[in-house]
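What follows is a single chain, given as structure tokens, in the form predicted on its own.
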Amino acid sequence: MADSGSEDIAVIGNTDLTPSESENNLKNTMAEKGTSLLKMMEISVAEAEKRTGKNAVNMQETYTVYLIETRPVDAASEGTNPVPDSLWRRYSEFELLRNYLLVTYPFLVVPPLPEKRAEFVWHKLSADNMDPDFVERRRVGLENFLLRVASHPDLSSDKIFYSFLTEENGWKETVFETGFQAKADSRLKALNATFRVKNPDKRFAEMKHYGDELQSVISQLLRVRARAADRLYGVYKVHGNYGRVFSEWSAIEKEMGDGLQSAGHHMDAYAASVDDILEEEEHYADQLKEYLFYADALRAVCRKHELTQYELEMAAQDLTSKKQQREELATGMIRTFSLKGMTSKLFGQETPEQREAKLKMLETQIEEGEELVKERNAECEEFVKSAWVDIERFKEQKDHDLREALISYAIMQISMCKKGIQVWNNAKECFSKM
């Protein structure tokens, strides 16, 4: 679903360069071209493999690793087909990459990962995260995640993302050296900002509400689809009973036997086809699930804006308080109740020297506060500008992807119904020949 692009680009596969020089060459080329990594590098998650090893507490565990393959796009245009560079990654490493992107680019709608464990499953579908079918769908989802990031106008040029694709060893250490974990906002801090911000931006408030509604609607749609899959599976399999009955009936009939036997074969084939149909349906469900998780990424941007706005308001409020203290100290008039004011009344006024020292300290604090408010205001304005550009990009992508997915799903359903009609038309012909 991510755009792979087809423009001519500069060579990035010079084998005479060191890894560091190669990376710098790639970044410089991308900066010059203003293009995404996906237009310069083919990226795929080629396969999944189950492995057994020991975890952090030295206990045996079974886990899945995924093979990431990359190669320069220009190799194909030159008619060469070199062996792709490859490395293995666990799902937890994909999670680490995304957490880093969330913290580093709080103003962007960061693409989501596929589900770690199956949700909205119908009765025949396994919820086991080691089930081969689920692992295969997750492989497809992880590849789509990489393609989304690699085609993003900002995320695609991130150095850590490039290292994730090209450096098998030492990648985690490089991520942790960025200190992104220390920059992560706590849930309590974000919740506090949500309830205490005084002047929320109406656009972001509406977008956050839209994210809630989008997630709710897609959740309902996936639940309906799971129930429909259960019923569809039952209907198809019941046709297998038709096949059994017609076959048994054909054994006791001489004139009608061949027709009944043929009709039974059509019913058996129809009953068996449901497995492939529902497997194909599952891929459309996964496309909907991507936007179920995208809704949370959208809300994360809105929550970060609330926090940015809240920090600005707190800085402005503190500056106002300092200025009021300066005025009260200069005039000797206490306008608001305070512990310091009561202390002055009970134990006498401060000396001129003490008041002068406090005024000097307040002046310094006010200068620092004005600078902080200026910085916070600039940060907030820059956040709004960058976030809204990316939200508009996301909305355009969402509209296109969901429209295509729903149209394809409708086409698949029409095809499925036509097959059902054809089965009964074939059965009708069999009965006519008896």
Partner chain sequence: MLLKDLILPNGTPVDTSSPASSSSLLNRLQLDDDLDGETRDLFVTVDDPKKHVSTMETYITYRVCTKTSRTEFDLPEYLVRRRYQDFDWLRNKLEESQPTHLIPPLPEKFVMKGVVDRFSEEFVETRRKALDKFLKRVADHPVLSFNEHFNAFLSAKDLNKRQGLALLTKMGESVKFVTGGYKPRARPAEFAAMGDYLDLFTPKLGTIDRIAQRIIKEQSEFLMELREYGPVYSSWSSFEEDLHDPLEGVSGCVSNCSSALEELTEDMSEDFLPVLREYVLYIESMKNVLKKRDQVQAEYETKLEAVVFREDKKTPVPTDVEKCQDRVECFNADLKADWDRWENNKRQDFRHLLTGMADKNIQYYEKCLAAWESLIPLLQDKQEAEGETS
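Positions refer to the first chain, counted from 1. As the structure is a prediction and not an experimental result, all values here were calculated from the model.
A second form of this protein, the form predicted in complex with the partner chain, is not displayed here; the remarks below concern that form.
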Among 399-407, 62-70, 377-385, 39-47, the region lying within 4.5 Å of the partner chain in the predicted complex by heavy atom distance: 399-407
Look up in the predicted complex whether His239 has a non-hydrogen atom within 4.5 angstroms of the partner chain, and give yes or no. yes
Although the partner chain is absent from this view, report whether Glu173 comes within 4.5 Å of it in the predicted complex, heavy atoms only. no
Is there any non-hydrogen atom of Gln220 lying within 4.5 Å of the partner chain in the predicted complex? yes
Quick one: is Val83 in contact with the partner chain in the predicted complex, heavy atoms, 4.5 Å cut-off? no
Contact at Leu96, Val140 and Phe145 by the partner chain in the predicted complex, all three, heavy atom at most 4.5 Å: no
None of Leu214, Ile160, Ala300, Ala118 but one has a heavy atom within 4.5 Å of the partner chain in the predicted complex; the exception is Leu214
State the residue from Ala190, Ala228, Ala184, Leu359 whose non-hydrogen atoms include one within 4.5 Å of the partner chain in the predicted complex. Ala228
Could you run down 395-427 and flag each residue that has a heavy atom within 4.5 Å of the partner chain in the predicted complex? Lys398, Asp399, His400, Leu402, Arg403, Leu406, Ile407, Tyr409, Ala410, Ile411, Gln413, Ile414, Met416, Cys417, Lys418, Gly420, Ile421, Trp424, Asn425
